[in-house]
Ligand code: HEM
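Below you'll find only one chain, the form predicted on its own, shown as structure tokens.
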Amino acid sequence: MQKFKLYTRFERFWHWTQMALVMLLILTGFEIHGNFSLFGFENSVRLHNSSAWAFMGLAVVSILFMLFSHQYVNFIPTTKKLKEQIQYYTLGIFRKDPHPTKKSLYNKLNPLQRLIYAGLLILIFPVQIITGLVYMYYHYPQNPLDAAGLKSAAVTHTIGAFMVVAFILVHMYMTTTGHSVSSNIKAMITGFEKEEEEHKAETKPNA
């Protein structure tokens, strides 16, 4: 097994900062709903709003990075080897079969991960941002919104939050499916990934 550089400093910064912001949004969001008490209601509202703006700012910067570095190709959905990937996670992983998808600079996500991330980026995150902004700015007296509309935004936002929590739980499990239980976490910390077969430098794909 040999090591090769897979994740840049910015990608690691983006990943861990996004994780911290999402966790803070989840904690403060559920506290606002009255599920528990941690920061206090007013502090949770402030933290939730600030984290939301920080998340959106990070999203803009990361999108620009992906475009200019050509790393956006890693998130383009594909069905190539999708069947093999599903078979690996449902059976092959328990038989110690080799992973069907080899990681490289422009192939960091397997086809199943690409589809899941596409759902997050195209559906869940935009819905959370839109409903969050509606709830943040249009419930004040100077910009009244009918109660039914406000309730719909709040319910949709909460459903989206549960979907994000479900993604995080699955994501945490998936981090243990590398060459070792901790190898994927280490790769996202150090930037270096281990590959069983000889890794060859990859040129920028055409797009």
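Just so we're clear, the structure is a prediction, and the values are computed from it rather than from any experiment. Heads up: residue numbers just count along the shown sequence, starting at 1.
There is another form of the same protein, the form predicted in complex with this ligand; it is not shown, and what comes next is about it.
Put simply, of 86, 93, 133, 76 only one has a heavy atom within 4.5 Å of this ligand in the predicted bound form, and it is 133. When this ligand is considered in the predicted bound form, residue 58 lies well away from it, no heavy atom lying within 4.5 Å. Heavy atoms of residue 154 reach within 4.5 Å of this ligand in the predicted bound form, making it an interface residue. Proximity of residue 38 to this ligand in the predicted bound form: non-hydrogen atoms within 4.5 Å are absent; the residue sits far from the partner. Contact check for residue 110: no non-hydrogen atom falls within 4.5 Å of this ligand in the predicted bound form. Not one of 115, 121 and 170 places a heavy atom within 4.5 Å of this ligand in the predicted bound form. In the predicted bound form, 25, 26, 29, 30, 32 are the residues of 7 to 32 with at least one heavy atom within 4.5 Å of this ligand, listed from first to last.
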